[in-house]
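Just one chain is shown here, as structure tokens, and it is the form predicted on its own.
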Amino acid sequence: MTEVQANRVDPDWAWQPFEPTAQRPWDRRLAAHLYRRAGFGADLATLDEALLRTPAEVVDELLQANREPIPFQVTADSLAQTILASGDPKRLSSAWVYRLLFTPSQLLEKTTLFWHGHFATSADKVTDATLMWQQNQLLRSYALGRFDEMVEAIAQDPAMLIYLDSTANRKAHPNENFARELMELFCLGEGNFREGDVRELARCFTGWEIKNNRFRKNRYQQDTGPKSLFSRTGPFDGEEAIAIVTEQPSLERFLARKWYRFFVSDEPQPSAELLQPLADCFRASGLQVAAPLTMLLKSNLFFSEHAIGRKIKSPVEFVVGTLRCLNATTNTNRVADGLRTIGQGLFYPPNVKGWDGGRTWINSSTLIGRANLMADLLGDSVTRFDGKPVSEYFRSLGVRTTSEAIEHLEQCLLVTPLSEQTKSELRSSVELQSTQDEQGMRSLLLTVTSLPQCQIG
């Protein structure tokens, strides 16, 4: 698809709710696409259950599950607290991997991952595991809620303020760095504010500081004089300034573009005309994140060829998605370390802009790294599939032959069907005698996950 073609997408058609037809039925392929993008993936049984409902009903269910069930939350938080006792932020990543692998609230966790890249903060600089975990919980609690409230919370988050060198914003030396990043990276995008706005916004945040790892306001360091921000003048404080920033119309356009890239397509860039209805929905909802995501996930555009197979899986999507699609459990520490090796260490984004994503996820080194990580996981004796060795797992699903195993993996893991030649090569390469051959089944799974088709989401 060329950029010209992308710009020709009719916005009226694009954002209408998708209605299956005989030519475009609601089938496993579309259900798998929905679960990959709104979460990380689902096994075939889950996909078949989804087909008993309409696409809109499944999206509604994903949104209704936007709060973790209490028993799961207690277990996941207990694991995190145990890891926090070590004080090692690198080990903290495995606590998040546990949530990614087992959460019943996939959309909530997917959006939490989105916000981690948006409000990027790295443990390389913060170093305090507890503060990093508190920020992670903050992002999860606001992930599908009101954006302006999330911005205010993140602007007072100790980990963020440490990362952006804004632990003490003094009246005599306003911190323009934090003010600039809040507008450029978090809310409005480059080119949608003036240098004067940066200076005035920094003055609004004076007196905001971190003491004993807690946010507080130091009224002796607050600049109480009048400030001019986006053509408005007054003695604004930080909260009032955030309200003014989030009133700017470039906010909804900026975020609509980021959601499009995260949930719909890496490239080409969508036109402003195409994105405007999504942006309008966000503003009309009172900046409720769930509203535009509902519109997006139910749309013709989302279930069209403009979206399906138009993204390269991030390392998290690749590893967690593969494991979830096969009901697998494994060593979460190994997954966490592996994700960092192949370019998406949780709690370790590369810089304040987060991960670039798209084509940058894939190069010769990361492709080898993905294959090596999957080989490590499949070679680990603790890796189980619905509690079983992979050969026994497939037999429990009624998979009896190599061809049936390939078909199962194709429908679970791949966006596009394999050619007959590729299937033939797979059958030959693994030399599988039967699905009772555990080593052969693991070899087949490793070969399929190493295919270029398996890197596309």
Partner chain sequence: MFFSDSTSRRRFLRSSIGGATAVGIGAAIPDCFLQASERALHASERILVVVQMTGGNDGLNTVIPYANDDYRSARPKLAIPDADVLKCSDELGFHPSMSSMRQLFEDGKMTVVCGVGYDQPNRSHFESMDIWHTCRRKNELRDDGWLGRFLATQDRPVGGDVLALHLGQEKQPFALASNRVRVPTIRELAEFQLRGQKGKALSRFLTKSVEQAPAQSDDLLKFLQSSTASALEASQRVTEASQDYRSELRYPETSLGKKLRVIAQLIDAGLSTRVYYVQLDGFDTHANQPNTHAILLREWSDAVSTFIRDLEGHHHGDRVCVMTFSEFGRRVAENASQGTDHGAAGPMFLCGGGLVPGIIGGYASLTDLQDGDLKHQTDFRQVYAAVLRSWLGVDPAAILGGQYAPLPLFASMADPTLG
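What you are looking at is a predicted structure, and each value in this text was computed from that prediction instead of being measured. Numbering follows the first chain given and starts at 1.
Beyond the structure shown, there is the form predicted in complex with the partner chain, which is absent from this document and is the topic of what follows.
Taking the partner from the other structure, the partner chain in the predicted complex has a heavy atom within 4.5 Å of a heavy atom of residue 184. Though the partner is left out of this view, residue 305 does not reach within 4.5 Å of the partner chain in the predicted complex, counting heavy atoms only. By the criterion of a heavy atom within 4.5 Å, residue 341 is counted among the residues contacting the partner chain in the predicted complex. Within this chain, residue 74 is remote from the site of the partner chain in the predicted complex, having no heavy atom within 4.5 Å. Although the partner chain is omitted here, in the predicted complex all of 199, 425 and 452 have a heavy atom within 4.5 Å of it.
The partner is absent here, but in the predicted complex a heavy atom of 350, alone among 145, 104, 226, 350, sits within 4.5 Å of the partner chain. With the partner omitted here, the residue from 249, 309, 234, 87 that has a non-hydrogen atom within 4.5 angstroms of the partner chain in the predicted complex is 309. Here the chain stands by itself, but in the predicted complex one stretch of 295 to 303, 131 to 139, 364 to 372, 281 to 289, 364 to 372, has heavy atoms within 4.5 Å of the partner chain.
Within 4.5 angstroms of the partner chain in the predicted complex, the stretch 280 to 299 places no non-hydrogen atom at all.
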